[in-house]
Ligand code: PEB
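Coming up is one lone chain in structure tokens, specifically the form predicted on its own.
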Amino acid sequence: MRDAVTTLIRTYDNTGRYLDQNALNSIKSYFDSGLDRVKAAAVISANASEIVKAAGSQLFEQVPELIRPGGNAYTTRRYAACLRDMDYYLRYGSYALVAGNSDVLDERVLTGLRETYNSLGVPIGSTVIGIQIMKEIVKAKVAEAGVTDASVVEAPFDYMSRELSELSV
């Protein structure tokens, strides 16, 4: 897993260039938002099970066919698997948040997830809805915790949603 700085340096190194003003501004932004990103990750860590439970409840209210007979979260086993997967997105989203980089999401979550979900017939649209619900819950909790810029949490959740949507919705 790489963070935003190592990814940026690698890109410039691969092209044999010195860091220009855009690169330096990007690095400055990464460090300027660092404390907010770490605080947000701490909020996620301290409230993970509550966030997942609330997001699952909201998801099943918005998409009730998931928990009806024949739905992908019907039966206790499938329901638990859905919440487990939401917990994965939340955990890896927190890693990407701290790193300021979405590489970990590609490496650890999205590639294998797409293949697995497509083979099992899991609806990607409702997965994206669940990820977006978690994002809103996390933003609210982070703001309540006094994080100056709660919008820092958006990037990893939006990235997961966008990457899943481009392939399967």
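Position 1 is the first residue in the sequence shown; the rest follow in order. Please read these numbers as outputs of a predicted model, since none were measured by experiment.
In what follows, reference is made to the form predicted in complex with the named molecule, a form of this protein that is not presented.
Student: Looking at 109-117, 136-144, 40-48, 22-30, which stretch has residues with any non-hydrogen atom within 4.5 Å of the named molecule in the model of the complex?
Tutor: Only one stretch qualifies here: 109-117.
Student: Answer for V98 alone: is it within 4.5 Å of the named molecule in the model of the complex, judged on heavy atom distances?
Tutor: No.
Student: Counting only non-hydrogen atoms and a 4.5 angstroms cut-off, does P123 reach the named molecule in the model of the complex?
Tutor: The answer is yes: P123 has a heavy atom within 4.5 Å of the named molecule.
Student: S94 near the named molecule in the model of the complex, any heavy atom under 4.5 Å?
Tutor: The answer is no: S94 has no heavy atom within 4.5 Å of the named molecule.
Student: Report whether the minimum heavy atom distance between L59 and the named molecule in the model of the complex is within 4.5 Å.
Tutor: Yes, contact at 4.5 Å.
Student: Given the named molecule in the model of the complex, answer whether the residues A81, R84 and Y88 all have a heavy atom inside 4.5 Å of it.
Tutor: Spot residues vs the named molecule: full contact, yes.
Student: Since the partner is left out here, which residues of 36-75 would have a heavy atom within 4.5 Å of the named molecule in the model of the complex?
Tutor: Those in contact are L59, L66, N72, A73.
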